[in-house]
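Here we start with a single chain on its own, the form predicted alone, put down as structure tokens.
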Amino acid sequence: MNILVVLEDNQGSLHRLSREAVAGAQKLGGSVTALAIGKNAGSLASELSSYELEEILTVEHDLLSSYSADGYSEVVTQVIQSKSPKTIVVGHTYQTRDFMPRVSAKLDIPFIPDIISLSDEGFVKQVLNAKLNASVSSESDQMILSFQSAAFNDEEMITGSSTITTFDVELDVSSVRSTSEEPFQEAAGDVDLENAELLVSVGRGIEKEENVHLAFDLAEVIGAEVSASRPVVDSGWVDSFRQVGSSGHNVAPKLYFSLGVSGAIQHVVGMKGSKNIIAINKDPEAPIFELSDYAIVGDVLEIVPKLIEALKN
């Protein structure tokens, strides 16, 4: 085994960043094995059974009925010790940031997090608040990598076939002492921006807090989540857990609907992986239009109410 991809359960389905991690692992080259953990391990494995993987390992145990940093780190540690993969790959999610450093420490394997792409030298990370890219490499025999949202496109996963195998682990209550809320989240609320397929994002073009409801009204009509740029969050108009950008979430929805977002680089690095981008802005020179699939030059406060009414009808 050259590469082990550790999968994440998103309420019974495979997390989008795990699919992207598989796509990234396949681009690294060599044989790829996936690891599914927990009560939904079988269904996660089934989702990947039609893709080119050497094997999909499933681990189910009474102590793994819900996520815990203790349980997951112990399982991954045992699998690595048994299978000896050269590279361990994961999506850069809240859950990864919680348990994977423990695996790194237990096995003394370097952890290179938040990778955005591959390079001739190794891997590329963003530094200085996403203002610069840095090439990173490791001379270690093994390494752990986490790929940032939209670093790879899950639609580019190589199809094929794979076998599903049960992997037995040794766990007891003395080694699994921590518990987490379900679903595990770092921030308040039940908003999962990084896994959302539709996002309505609000920027300074909304002008004042009293107008923010337009974003939520539009999101409700189309079944989307609401995100925001940093100036809107800093103004206290929207909760911080909705922020997208270099100091917030990295997202890659099927549709990113931008309302009055100018498109500063700090925001763009967090949403440039979106499959389709619709932008409304009064400024015809707004940077957001440079990467938009559909651009509407106009006043958000005039256009959005009419759009909501039309969608409702």
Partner chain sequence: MKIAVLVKQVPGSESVLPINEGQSWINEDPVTFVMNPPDNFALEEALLIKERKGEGEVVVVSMGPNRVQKVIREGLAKGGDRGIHIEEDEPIETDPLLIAKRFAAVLKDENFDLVLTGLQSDDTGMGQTGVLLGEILGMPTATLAIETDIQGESIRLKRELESGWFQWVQFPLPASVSIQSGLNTPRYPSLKGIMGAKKKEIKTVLGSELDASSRSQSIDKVFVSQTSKQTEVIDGDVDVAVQRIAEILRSEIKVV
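Since the structure is predicted, the reported quantities are computational estimates derived from the model, not experimental observations. Throughout, rigid core stands for the largest set of C-alpha atoms superposing within 1.5 Å between the two forms. Residue numbers count along the first chain shown, from 1.
Below, we refer to the form predicted together with the partner chain, which is not included among the displayed structures.
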Query raised in the report: So, in the predicted complex, is K254 in contact with the partner chain at a 4.5 angstroms heavy atom limit?
Result: yes
Query raised in the report: At the 4.5 Å heavy atom threshold, is I158 in contact with the partner chain in the predicted complex?
Result: no
Query raised in the report: Applying a 4.5 Å heavy atom distance criterion, does D98 contact the partner chain in the predicted complex?
Result: yes
Query raised in the report: Might Q266 be said to contact the partner chain in the predicted complex, defining contact as any heavy atom within 4.5 Å?
Result: yes
Query - Single option in S84, S135, T165, N153 placed near the partner chain in the predicted complex, where near means a heavy atom within 4.5 Å - result: S135
Query raised in the report: Using a 4.5 Å cut on heavy atoms, which of N211, S180, N195, Q78 is close to the partner chain in the predicted complex?
Result: S180
**Report entry** Proximity to the partner chain in the predicted complex (heavy atom, within 4.5 Å), stretch among 30-38, 43-51, 271-279, 56-64
**Finding:** 271-279
Requested in this report: Enumerate the residues of 224-261 that have a non-hydrogen atom within 4.5 Å of the partner chain in the predicted complex, in sequence order, or give none.
Outcome: R230, D234, S246, S247, G248, K254, L255, F257
Requested in this report: Examine Q266 after superposing the rigid core and state whether its CA is displaced by 2 Å or more between this form and the one not shown.
Outcome: yes
**Report entry** Shift of A34 between this form and the one not shown at or above 2 Å (CA, core fit)
**Finding:** no
Requested in this report: Note yes or no: does the Cα of V251 move by 2 Å or more between this form and the one not shown after the core is superposed?
Outcome: yes
Query raised in the report: Once you compare with this form, do the C-alpha atoms of K254 and N40 lie closer or farther in the predicted complex, given a change of 3 Å or more?
Result: farther
**Report entry** Pair P113/G270, Cα separation in the predicted complex versus the displayed form, closer or farther by 3 angstroms or more
**Finding:** farther
